[in-house]
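Read the single chain below, which is given as structure tokens and is the form predicted alone.
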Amino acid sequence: MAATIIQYIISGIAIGFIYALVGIEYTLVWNSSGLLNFSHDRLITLGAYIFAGTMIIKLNINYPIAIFLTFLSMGILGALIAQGIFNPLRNMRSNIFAVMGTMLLGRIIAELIRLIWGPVPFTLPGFMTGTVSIGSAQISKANIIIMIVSILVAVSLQLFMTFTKIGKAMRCVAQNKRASSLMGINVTQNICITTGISAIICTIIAILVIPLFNVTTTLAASIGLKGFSAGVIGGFGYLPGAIVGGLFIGVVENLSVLFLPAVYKDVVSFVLLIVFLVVRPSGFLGKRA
């Protein structure tokens, strides 16, 4: 029983880090532009198809180069999305136009995926497979890699935003766009850079979840919603809050199968979201934000 609980906790932490990365991606776009990217789950799916379907299966490129080229492609795409959608729509009188823009973008991406790669799911045989023994518990290598990479991404992003000129500009824009503009920061360019980084994070998520799910057109539908829940539960608009919220949801929903039928596992995060919206809408770390 103890080994089973350890496995559930570790796998919960791993999937919690995935939710945390989604929450971070939401937060970056929200802080930079004041908009919510409702197409980010499609961007995650697109990253998986470009990496697995094109770079690995079709072009047979080795993994490091394939990862770099996918990052480059998605980063450029993210900047173009910011230039074409976020920047023109962020100053509109109502945010409903931006919401509609990102939702329609998601539909366009979904149709492009279906037309280019087809509707049939596939996977990458042998990609991040295998297990590691920790006492009597068997932990998948994929979960260990997910935790390590997620921690590196979170730490690197924090260092980037604290010590680099671009990162400091991103923090200024997140706090006050008008004041940042008056101080000489190019807010429009900054939003493009931030959205490009968020698209790269979407790609990291896509690559990490390939061993857990088949590459399919609905790959990130559930992940996207739970990542949004993680951001709200942790404290929306605050990067550490997204991490705390993601880990909380991941562990709780995984342990829930010990007490509830497995079919209800996906409901747990949304119940938690409703509870927090009613009881503590600022989330765990909302006051600090």
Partner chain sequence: MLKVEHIDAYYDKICALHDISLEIGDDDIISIIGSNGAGKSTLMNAISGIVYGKNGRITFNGKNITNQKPYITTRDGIIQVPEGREIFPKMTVLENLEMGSYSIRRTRQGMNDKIEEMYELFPKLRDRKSQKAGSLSGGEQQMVAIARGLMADPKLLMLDEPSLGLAPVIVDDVFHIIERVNKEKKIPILLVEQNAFMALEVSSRCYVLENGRVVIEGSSEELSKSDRIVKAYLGG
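Residue numbers count along the first chain shown, from 1. Note that the structure is predicted; figures quoted are calculated from it, not measured.
Although it is not shown, the form predicted together with its partner chain is what the next lines describe.
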Sole residue of Val149, Val99, Ile185, Ile134 within 4.5 Å of its partner chain in the predicted bound form, by heavy atom: Ile185
None of Ser180, Ser73, Asn143, Thr217 but one has a heavy atom within 4.5 Å of its partner chain in the predicted bound form; the exception is Ser180
Select, from the options 198-206, 104-112, 126-134, 172-180, the stretch whose residues sit within 4.5 angstroms of its partner chain in the predicted bound form by heavy atom distance. 172-180
